[in-house]
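One chain is shown next in structure tokens, namely the form predicted alone.
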Amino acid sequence: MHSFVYRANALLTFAVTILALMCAMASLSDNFNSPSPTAEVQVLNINWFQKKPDGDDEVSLTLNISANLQTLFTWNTKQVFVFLAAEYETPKNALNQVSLWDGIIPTKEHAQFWIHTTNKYRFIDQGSNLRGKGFNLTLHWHVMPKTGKMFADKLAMTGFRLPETYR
């Protein structure tokens, strides 16, 4: 006969193996989800566009951000981190990214939203490269699952341009 400790060890090992197998299946099942989020960003106003005393350009924008990210949520989604970035090119760098706004979406019910805001973080370029510069506003998201690897993607909106002169 096997002792109580031996039987408890066998039962615990079996339970942990089944739990690991269920976690792996849950993580793999998310690969079959094909999300189709939508977003739209409007620049309502350029509040100010100035050259700071240290020579850097700074911009303040008023934005309308609307998005429907509900398709990112599955039963395995814990939360979604989302942020809006201004992306542009300069002679020094092929890609400059400046985060303007961010948020954490805890549930599917909160994943459809409309926000009227100014940029939460300062839109500053190191140098005088922003005058007349075209830029994209890109909505990035990172899906944080309960189990498995994180998934990240983005949606770029093009056609935005800053003025030629400071105001």
Partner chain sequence: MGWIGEQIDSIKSLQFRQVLTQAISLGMIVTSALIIWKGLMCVTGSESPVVVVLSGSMEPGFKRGDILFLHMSKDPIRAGEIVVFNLDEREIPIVHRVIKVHERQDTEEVDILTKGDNNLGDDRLLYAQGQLWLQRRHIMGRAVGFLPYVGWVTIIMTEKPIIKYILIGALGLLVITSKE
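Residue numbers count along the first chain shown, from 1. So that the term is clear: the rigid core is the largest set of C-alpha atoms that superpose within 1.5 Å between two forms. Just so it is clear, the model here is predicted, and its values are computed rather than measured.
Beyond what is shown, the protein has a form predicted in complex with the partner chain; the following relates to that form.
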(request) Counting only non-hydrogen atoms, choose the one of 62-70, 109-117, 136-144, 29-37 that falls within 4.5 Å of the partner chain in the predicted complex. (result) 136-144
(request) May I ask you to choose, among N47, Q50, Q126, Q42, the residue with a heavy atom within 4.5 Å of the partner chain in the predicted complex? (result) Q126
(message) Taking the partner chain as it sits in the predicted complex, is A10 in contact with it (heavy atom to heavy atom, 4.5 Å or less)?
(response) no
(request) Evaluate R131 for contact with the partner chain in the predicted complex, applying a 4.5 angstroms cut-off between non-hydrogen atoms, and reply yes or no. (result) no
(request) Check whether L155 has any heavy atom within 4.5 Å of a heavy atom of the partner chain in the predicted complex, and answer yes or no. (result) no
(request) Check whether T74 has any heavy atom within 4.5 Å of a heavy atom of the partner chain in the predicted complex, and answer yes or no. (result) no
(request) Sequence order please: the residues of 68-97 with a heavy atom within 4.5 Å of the partner chain in the predicted complex. (result) K78, Q79, F81, F83, Y88, E89, T90, P91, K92, N93, A94, L95, N96, Q97
(message) Aligning on the core only, does the CA of A152 end up 2 angstroms or more away between this form and the one not shown?
(response) no
